[in-house]
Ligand code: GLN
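Consider the single chain below, provided in C-alpha cells and representing the form predicted alone.
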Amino acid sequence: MPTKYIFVTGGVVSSLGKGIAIASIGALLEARGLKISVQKLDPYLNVDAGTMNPFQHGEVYVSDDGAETDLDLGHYERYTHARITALSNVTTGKIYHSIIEKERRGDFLGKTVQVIPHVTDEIKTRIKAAAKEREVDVAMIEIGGTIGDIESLPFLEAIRQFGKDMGRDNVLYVHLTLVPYIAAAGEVKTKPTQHSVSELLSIGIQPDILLCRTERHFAKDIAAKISLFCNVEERAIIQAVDVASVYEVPTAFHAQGLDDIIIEKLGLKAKKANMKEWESIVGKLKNPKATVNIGIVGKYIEIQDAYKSIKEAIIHGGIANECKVKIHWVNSEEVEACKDKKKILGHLDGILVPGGFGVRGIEGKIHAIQYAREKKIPFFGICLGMQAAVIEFARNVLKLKNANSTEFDQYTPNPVISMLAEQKMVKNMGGTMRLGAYPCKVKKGTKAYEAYNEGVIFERHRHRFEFNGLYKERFETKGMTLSGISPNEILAEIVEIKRHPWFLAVQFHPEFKSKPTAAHPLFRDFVKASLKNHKVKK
C-alpha cells in the first residue's frame, strides 16, 4: 500500500495548536497500529530556528542528528514514536537556499527559475524524502503560519499540487480553525471558520476534516451550519474544545471518531485503537495523589515557550510519580536583586535552572543554585544550569576567586567553564554549536546511574562551552563528582554533589527525550526527590 499523506493547515488566528493537533492525530494512528512520520513546513526565511530569539520564537528543539528545529517538533516526539531528523523541518530559507545553489551550478540549464514549478517542486521533493526516510504508512505534514499569509502561499500551492499528483485517495487535508464564543452575545460564531475555509478553497484546497478550536462544546446545529457552508461532512466537524491538559486531546479526538474518519477516508487497514496508555495519563493528571512545588529559575520566563520541553518534562515527572507539579516561574534577575533569597525561593520543593545564552541573569542563577545547595533543596541544572552550578561550587566551596565562564568573563583568572576546542575557530552562529546526540559514560554508584540504570547513554546537546578539565581533581576532592563523561574522558557531561539529597546537573538537554508515556529518568527522579522534600517540610 502506498504511503498516505495528511496535511494540517491553520486559519483565522495563530497559536490555535496545530502542533498539538497533528501530534494527537499521530498518537491516534499509532494506537491503531500504523507507522507514521511527522514534518513541519515553516514559512519564515531563516534557514532554521537556531539563531532566532527565544522571546519571539520560543525554544529551539534539537533532533538526534543535530538539526535545530521549531518547538512544534517537540510535540511530535512527545506524543508519538516518530523520529525527528533534519528532514522533519523545512523552512522557506532552506528551500530558497537549495534552489539558488542549484541555479548557480547550472542545474536548471539556463531556464528562468520561478516559484512554480521550481519552488513547489523542491517542497514536494522534501515532503516525499521525509516520508521515505522510514517507509511509513502515513506521513503527516503541518503547514506553519495561517491561511492568508503571503509567506505560506508556496507551501499551500505545493500541497494542492500534491493532492493532484498522488491522487485524492492518498491525500487528506485537515484544517484547524477557530469557532469563538462571544460572551456578550452568548453565541458561538461560525463566520471566521467560513471565511478561513473560503480562503483555502480559493487556493484550490478543499478540507476533508475541520478541527474547530472552541472554548466550549457547541450544539449539533452549529456543526450542521459549518458543514453546509464549508462543504465538509458533518461527522468530520471535530470539536477541539479547550482542555485542562494538552494530553487529553488524543482521547478527546478519539471519542469523536476522528481516527475512524481518517482511516476510512484514506482507505487504511488498521486494528482497533488501544487508548489505555493515554487514558491512564489523563487519569493520573486529573487525580494526583500529592502536590509538589518546583521553581524554574530562568531569564526568558515572560515567554514560557522558551522552556517548553522542560515544562512538559517536569509534568511527565509528575505523571510518573502520580503527583501534581505546580511550576513556579522565577526571574533570575529578580533573584540576583533580592537580598532575602528565602523570600523568592523558600517555598519551593525543588529548583531547576535551565539553559540559555549570554551574561544577563547569570548571577541570579548562581545565587539560586547556592541557595539550593546550602539549604539541601533538590536541584537540577541543564546545559547553562550545569555551568552555573560549576561556577557556584568553584566560588563558594573551592574558594576560587572570580571563577567564571569565559563566555561571561574572557579574562577570568579561574575559567572553570571554557569554550569547546572545536568551537574556537567558528565564525558563523547558525548550526555551528555542538549539536545532536552524543554518548556519555555513567559512573556506577551515583544518582545519575541510579536514574538511568545504564553504563552508556545517548543525549542531545546544544552548547559551545564546557567544564574545564584542568579543575577536575579539585572539584572531586571537595565533593562534586563527575558522574557522566564522554567516552574519550575529555568532556564532563554530568556533575552531582555527594552530600546532598539530590543535586545533579547535566551539559546536555534531557528534556528533548521525555514523553508523557515515558518520563525521562532524570526528571522522574528529580520530581521524586522534590516530592520527598515537600513531605519533609510538612
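If you're wondering where the values come from, they're calculated on a predicted model, not measured in any experiment. Numbering starts at 1 and runs along the sequence shown.
Separately, the form predicted in complex with the named molecule exists; it is not shown, and the next lines address it.
- Proximity of residue 458 to the named molecule in the model of the complex: non-hydrogen atoms within 4.5 Å are absent; the residue sits far from the partner.
- Interface membership of residue 262, defined by any non-hydrogen atom within 4.5 Å of the named molecule in the model of the complex, is ruled out.
- In the model of the complex, no heavy atom of residue 317 sits within 4.5 Å of the named molecule.
- Under a 4.5 angstroms non-hydrogen atom cutoff, the named molecule in the model of the complex has residue 464 among its neighbouring residues.
- Partner contacts here mean any heavy atom within 4.5 Å of the named molecule in the model of the complex, and among 222-230, 264-272, 134-142, 353-361 they occur only in 353-361.
- The putative spot formed by 383, 407 and 509 is fully lined by the named molecule in the model of the complex; each residue has a non-hydrogen atom within 4.5 angstroms of it.
- The partner is absent here; in the model of the complex, the one residue of 332, 387, 80, 193 having a heavy atom within 4.5 Å of the named molecule is 387.
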